[in-house]
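Have a look below at one chain only, the form predicted alone, in structure tokens format.
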């Protein structure tokens, strides 16, 4: 599928009350505060939240924040984490349906594996919101809430383009690209956004992928994908590339890492290989604003992260749930970009943004997303 499309602090109960007014008829701009949807506590609101894993910091934050919002609004909530096991997530969703969940919020482990269980949900008239990861191959997904995932990749690609001065570079720059988990639909969008920026420079020889692990097109992205977004797997892959291809004094100068988890593994590999910040350390991208990676940015070990303020995503999904529960029209701002192979899923896209060392304080700390003490400030 090749699509060039436009892709922690908890909110107090008093703020939730303020967020509930009449639904606007005109979609708000991506990243803006969600529309409100009435002031009374929600009734008959039974929600199942299926998150993929507790192994990544962001999923813990996403699940617990949304759970608190819903409980504060009077909803019954079942929050489950599936340890990155597809069968376990399917079983959890089945139990949520059997337990009376009428709204399912699902961050899928494998976006192609949920068709049968969502058919069960449809039989019980349950509404399904795909949370940050599109669910593919089924008509039984009603809405999708996410960040503009293609833009995430664009931000990473353009950061490398600008920092490496690719348009004026005279000598080839040694570069290694990575992609995310092959079973995560978002990984394709992240890679496509970056690769549409960087591939022309690979083709011209400005960027030189010494390992040869350079997809010829966006459609081949999974050939360099790291299963389950695991840091140890990206570390092992980087170890292999460095030991096999970067001998005789050759050094990698830039790495496209689609998220922070992979970046941590890549950084560990570079340290083990003797790379030093300030001498031969490469540019490295990331995404999510995880605490460990923000520390790495402050230490000069990571060049940037694409920050997706997941509090806004939780607020948006909370608003969708309010609107569904009240029988109101659910607000979306994209009805053309996300085709899951069966239907175009009505979506709400939020805007990501770049964070570098000089903006950690202003963007992540001052906004309350992280505490200064979390990152050693």
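Note that this is a predicted model, so its numbers are computed, not measured. Residue numbers count along the first chain shown, from 1.
Keep in mind the form predicted together with ligand BGC is missing from the figure; the text below concerns it.
In the predicted complex, no heavy atom of residue 311 sits within 4.5 Å of ligand BGC. Among residues of the shown chain, residue 42 is not one whose heavy atoms approach ligand BGC to within 4.5 Å in the predicted complex. The closest heavy atom approach of residue 68 to ligand BGC in the predicted complex falls outside 4.5 Å.
With a 4.5 Å cutoff on heavy atoms, residue 133 counts as touching ligand BGC in the predicted complex. Contact with ligand BGC in the predicted complex, defined as any heavy atom within 4.5 Å, is confined among 181-189, 94-102, 277-285, 200-208 to 181-189.
Checked against ligand BGC in the predicted complex, the residues 150, 143, 159, 229 give one hit for a heavy atom within 4.5 Å, which is 229. Think of it this way: in the predicted complex, ligand BGC has a heavy atom of just one of 234, 259, 89, 302 within 4.5 Å, and the residue is 259. For the partner-free chain shown, 56, 58, 59 of 44-63 come within 4.5 angstroms of ligand BGC in the predicted complex, judged by any non-hydrogen atom.
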